[in-house]
Structure formats: structure tokens, C-alpha cells
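Okay, here we've got a single chain as C-alpha cells, the form predicted on its own, with questions on binding and movement later.
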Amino acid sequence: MTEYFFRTEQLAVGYREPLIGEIEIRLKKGEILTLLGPNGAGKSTVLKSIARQLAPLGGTVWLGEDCVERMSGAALSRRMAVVMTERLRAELMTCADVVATGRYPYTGRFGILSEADRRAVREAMELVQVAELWGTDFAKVSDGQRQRVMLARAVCQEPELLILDEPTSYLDVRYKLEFLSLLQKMRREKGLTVILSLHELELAERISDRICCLNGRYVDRIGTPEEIFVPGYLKTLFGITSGSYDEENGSMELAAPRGEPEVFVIAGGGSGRAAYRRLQREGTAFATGILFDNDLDIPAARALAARVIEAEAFGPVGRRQLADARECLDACKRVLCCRRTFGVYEEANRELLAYAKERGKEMEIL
């Protein structure tokens, strides 16, 4: 038996003409693969081709030793569940009715649910936390509730492989986290293999065993999160030209204000991020320091400040950095201090605050 539960061989996908070719994916049972890429990069097309909703233009998809193209519909439904972004047309159906359709691969030609099937429906809805919607008209629930009901339907199907197209799009932050935690739980406890597309980079980094990056023409890169989230790569993949994304810290910032700094921000220990973003919203250029290069404020400072006075971590702040900070502070109209107390390694910032007061600078202490 092959060591890979899921694999593709020379898969080519598209509509009439190939969009992406030579897609080679290998997954062991229980792994989670996330597709990343800009809008129009081909993520949904790849998922539909794997799920047999769109005929591949070349290549083969395998589940274990079985070729997906040669499997019967019933056999495939017992092993693979799919949740796409298209709305399900379910007139006069309750949420429980929709979830129950996940049992049809097991019910026979008449589709009659047994007591065990009904129990599976209820357990799936409880697991996804939509049991309270049991008798609710599916057409009248919110987008977020609809997404969770469709996940319950897929869970009820008891698949080995789950395919999800942007499953967190309509979920608030609570349900995003609960949803992805549920996938991890099913991966660990049931050996569920998952292939999904996501737009939230920080969630993709946290949930994925492997990530496949698409650029609209080919698979640009495939690897572990550690191999994908390297400095500069995602900025290139997504063509980011305004604002910034820091792969190492998962920090995303809007474009920095232009011009010479008008405000000097004394920060550190993560205290400055809110002030940096407030100044960015105001369109006020600013400088900040003195920050150690491992400080929590550093990612946002580097992205948003016109100038950052930095010092090497785990060592004393040199007189040169202090002199640079004083010179920069002198050129600013006002000073914003985010610290009311300073630690033992922050004597330089204590001196900087005292210097600002001596110079009679307009002060704001947060």
C-alpha cells in the first residue's frame, strides 16, 4: 500500500484551456493542505477538479489505490465530502434536513434515514454547534450559520477526505477559531485528511501541515508553513505594492504616512502598536525608538514609521543610538510616550523622556 493517502499525478485543470498544469500533491492520511494565492489564481478550480465537479484536462487524482475518476458516485461520496462557496438551493428544507443529506451515500436508493442516521445527524450538528437550528428553515439562516450547517452536513457524511473552498469567509472570529480547531480535532481523532483554500494567511500558517501556493499559471511553491512563510515570499506571490505583510510575525499593516516625522513615539514592549496605527490613520508621519530589534513593537514600527531608532537585543543601548534618538526627537513637533514606567534595560528611553521634557516639547503620555 502506498504511504500517501491522497495524491495527484500531472494534474492539469481549467475550463477548455489549461489554467494550471503539472500539479503534484502528496498527502498522508490526517494531513491538512491549504491552497493559497491571489484572487483568480485557480484555487477553486483545483478543488473542483479534485472533487470531480470539473473534469481535469489531464492527469490523475488518487485516493489511496483508487483512481477518483473511475470510482462510482456512491463510492466517492462515502470517502470524500465537499463544501464549496456556491449556495445550496434548499427550498422548504430545515437545517436538519440539509445535514441529513450527508447520510444519503449510506441510506440506499429510497433515502430512508434509520435511527442511527438520525443520531449521526444530531451528533454532527452538536459537534459544529448548530443543534439549535434543527427545525429552522435553511433559507432563513445567516451566511455564517449556513456555512456551519454545510460543515455539519460534510461531517455527517463521515468522509476520509474533506474539501473546503474558503470555509471561513462568512464566519466571525469566534467561529473561525472554533471551525479550524474542529478540523484539527477531527484530523487527530479520526484521521481526516483536509484540503482547503483560505484567504486568511495567519490562519493558514497555524492550521496547515502543507501549503500549496498558486499564482494563476502554475504551482509556485509547495511546502510546510516554515518553508512558505519566509521573508518577502508572500508579498511577491500576492503582488503587494501598498502596505506590508511580515511573514515572520504575521503582521499586516496599511501604507505608512509619507513625509518627514512630526511626532516622536517613545515605546517598547508592545506598548507602541496602537499609537503607531492611530498616527497612520491620521496620516501623521512619525519616528520611534529606542527599540531593541526583538521588541514586540518592531514589526509595526518598521512597517509604519518614517524612521526607527533600533538597538541590538540583549545588550546596552549605545551612546550613538541615544544621540540619534535625541536628534530625531529635536526635529519633531511633539512627543508621544507610551510608557509610564521603564524596565532595567530601558534606561536610555527614560533619559530620552527626560530630555524631551527639558526641551519643552509638547507631550502626550498614554
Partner chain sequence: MRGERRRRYIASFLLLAAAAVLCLILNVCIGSVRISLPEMADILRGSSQDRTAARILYDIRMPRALAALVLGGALALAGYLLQTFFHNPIAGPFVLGISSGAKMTVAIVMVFLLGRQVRVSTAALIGAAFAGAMLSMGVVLLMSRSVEQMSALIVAGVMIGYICSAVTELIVTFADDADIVNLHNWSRGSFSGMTWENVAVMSAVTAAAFAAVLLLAKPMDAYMLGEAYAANLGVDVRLLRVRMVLLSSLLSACIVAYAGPVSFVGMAAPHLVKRLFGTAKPVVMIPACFLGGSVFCLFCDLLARNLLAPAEIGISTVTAVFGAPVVLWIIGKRGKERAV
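Between two forms, the rigid core is defined as the largest C-alpha subset superposing within 1.5 Å. Positions refer to the first chain, counted from 1. All values reported here derive from a predicted model rather than from experimental measurement.
There is another form of this protein, the form predicted in complex with the partner chain, and it is not shown here; the text below is about that form.
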item: Exercise: residue 104 in contact with the partner chain in the model of the complex, heavy atom 4.5 Å; value: yes
item: Close approach of residue 53 to the partner chain in the model of the complex, 4.5 Å, heavy atom; value: yes
item: Proximity of residue 153 to the partner chain in the model of the complex, heavy atoms at 4.5 Å; value: yes
item: Contact of residue 91 with the partner chain in the model of the complex (heavy atom, 4.5 Å); value: yes
item: One residue of 212, 192, 196, 80 in contact with the partner chain, assessed in the model of the complex (non-hydrogen atom, 4.5 angstroms); value: 80
item: Partner-contacting position among 269, 108, 216, 250 - heavy atom within 4.5 Å of the partner chain in the model of the complex; value: 108
item: Answer range among 260 to 268, 91 to 99, 123 to 131, 226 to 234 for contact with the partner chain, defined in the model of the complex as heavy atoms within 4.5 Å; value: 91 to 99
item: Core-aligned C-alpha movement of residue 122 between the shown form and the other one reaching 2 Å; value: yes
item: C-alpha of residue 94 off by 2 Å or more between the shown form and the other one on rigid core; value: yes
